[in-house]
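In structure tokens, the next block holds one chain alone, the form predicted on its own.
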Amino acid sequence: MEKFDGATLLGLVAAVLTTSSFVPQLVRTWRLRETKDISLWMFLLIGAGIFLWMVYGFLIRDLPVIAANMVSFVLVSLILYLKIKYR
């Protein structure tokens, strides 16, 4: 694993910001049980991309890339699950 330096800290902060962007959509979907305004194809594509970024992070052993994409993948998967459930 890499050493913890300024670049790693910057990456972790960026990871928290971008990953947390999915939380408001998940909370709104959960509360309203409404998904008509959510694009299934967009979330399928972003989910596939996030999964590939996560694999890439493991291959290069980059903690910010791994952590951000693992959490993002879970959040996007939950949104996709709710999209299908509340169709």
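Residues carry their position along the shown sequence, with the first being 1. Note that the coordinates shown come from a computational prediction; the quantities given were computed from them, not determined experimentally.
Note that the form predicted in complex with a further copy of the same chain isn't included here; everything after this is about it.
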Quiz item: Does I84 make contact with a further copy of the same chain in the predicted complex, using a 4.5 Å heavy atom cut-off?
Solution: no
Quiz prompt | Close approach of R31 to a further copy of the same chain in the predicted complex, 4.5 Å, heavy atom | solution = no
Quiz item: Hey, in the predicted complex, does S77 get a heavy atom within 4.5 angstroms of a further copy of the same chain?
Solution: no
Practice problem: Would you please decide whether F73 lies within 4.5 angstroms of a further copy of the same chain in the predicted complex, comparing each non-hydrogen atom pair? | Solution: no
Practice problem: Would you give me the residues of 42 to 61 that have any heavy atom within 4.5 Å of a further copy of the same chain in the predicted complex, in order from first to last? | Solution: M42, F43, L45, I46, A48, G49, I50, L52, W53, V55, Y56, L59, I60
